[in-house]
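Shown below, as structure tokens, is a lone chain in the form predicted alone; questions about how it binds or moves come after it.
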Amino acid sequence: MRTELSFTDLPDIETELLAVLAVDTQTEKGPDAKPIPQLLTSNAAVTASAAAVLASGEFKAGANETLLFHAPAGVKAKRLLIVGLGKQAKATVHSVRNAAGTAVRFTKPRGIRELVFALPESDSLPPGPCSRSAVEGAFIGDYDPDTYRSDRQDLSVQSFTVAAPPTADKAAEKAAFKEGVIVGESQNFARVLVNEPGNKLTPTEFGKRAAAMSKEVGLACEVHSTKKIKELKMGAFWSVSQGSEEPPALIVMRYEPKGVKGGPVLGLVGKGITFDTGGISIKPGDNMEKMKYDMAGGAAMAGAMRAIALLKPKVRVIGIICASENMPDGKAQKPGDVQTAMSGKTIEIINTDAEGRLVLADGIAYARQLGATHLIDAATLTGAVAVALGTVNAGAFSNDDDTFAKFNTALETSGEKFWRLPLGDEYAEMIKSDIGDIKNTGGRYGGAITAAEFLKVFAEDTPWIHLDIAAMAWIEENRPYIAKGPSGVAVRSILEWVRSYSA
């Protein structure tokens, strides 16, 4: 998708479709209260062309609600699309991101290949952040997961233009716009990886794609396999891999900004299980095909590292992805086995389907060995987090309040929803083993928390955040602004957390 930034007056823009935003300004309550839509543009010609439609009551400006009309008077655009942001008091830059995605997805099935998206003119919606969010939303909305359909039609939007107010700060707008392109493309990079079937994206192929991306954007990258994993004594990681014919991949990406020698080193660790059968503790057959998405945490780290390399924050970053299949053949580990992790801790295997925490345990230990002073991991780790939080928030855990405060602030920019869940000694007791140091599951209750407690053992005293994205990494139904399938969740939030450490 070609993206452009324009400062041209809206009536003078020649395009197939001009999208403008509206809010519901109605404040009264009661059964007789009616929505009052208002366009977020000061352009008199555009406002006049939509006045009759807005007055009809046909359009209520609900969040992501759309209304299209042809040959609007007073403007050169062939079509005018109004996209609602909902109640004025609740409209944010994140609403603008979704509205841009909605506009793109509205055009795709209608054969419209170009659109201009007018930024809102509102004191509460600053043009710079809105410009970035709009471009992000356009890339997110343009992606569809139908890669392998033989009858696939390319419905992609070919041209997306952000129309900023002519009075806007042009330098600031251009910088924000450029960021939006990088972040949107990086989130889609992660989504493409997550969407790949397990027979296409093996651990080896995951390594190849990470290496190719790293070369493209200037990251140092090493991809290791069985020999290195055994050399490092990553017994937890290897225990998951040993049941598969496909060799594992230990992917290490490094971002070293020029002139930065001291300061923190951020370790980004992602779970990269390219297919998860559950191993000997095999999963039910229903929905097992979705277990190709069990590497979404690793994909999020790859997408974040891409954006980091292009946006160039002044902080050193190490990205580690532990990629493997979890298969149930004759060499696979069994419930009751005891494995020795890289850190020396011994792990009693209670359930071989609790494998993600095993690969992360060694990934976290390796990040610390490589010099990481602060850690963040991402994983589709537990179904329990979906029971706790549904599909509205992803789970977050941390052993350090200051480190988590930075992440919480990062969410204000990313717009993603994470909810911090507790840790504590009572939960740690639930994973103590009679035969080894810890066991890899604490039972049914508090499953997301005991999984986090397991990882906390390997983070030790290093400030650490764990993101359990299991309920948010795959979208079950189409939404107005994003297709069903992989979401790319956590890419934006991890990026902004990293940027908060920039010198």
Ligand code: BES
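For every residue, the number given is its place in the sequence shown, counted from 1. Treat the numbers as computed from the prediction; the structure is a model and nothing was measured.
The protein also exists as the form predicted in complex with the named molecule; that form is not presented, and the subsequent description refers to it.
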is_contact(residue 293, the named molecule) in the predicted complex, heavy atom dist at most 4.5 Å: yes
In the predicted complex, residue 283 touching the named molecule (heavy atom, 4.5 Å): yes
Partner contact for residue 380 in the predicted complex: the named molecule, 4.5 angstroms, heavy atom: yes
Interface membership of residue 353, the named molecule in the predicted complex, 4.5 Å heavy atom rule: yes
4.5 Å heavy atom contact with the named molecule in the predicted complex for all of 96, 173 and 413: no
Interface stretch in the predicted complex with the named molecule - options 269 to 277, 416 to 424, 215 to 223, 191 to 199, non-hydrogen atom within 4.5 Å: 269 to 277
Position in contact with the named molecule when the complex is considered in the predicted complex, options 112, 91, 396, 384, heavy atoms within 4.5 Å: 384
Listed residue (357, 306, 105, 132) with a non-hydrogen atom within 4.5 angstroms of the named molecule in the predicted complex: 357
Residues of 411 to 446 having any heavy atom within 4.5 Å of the named molecule in the predicted complex, listed in sequence order: 441
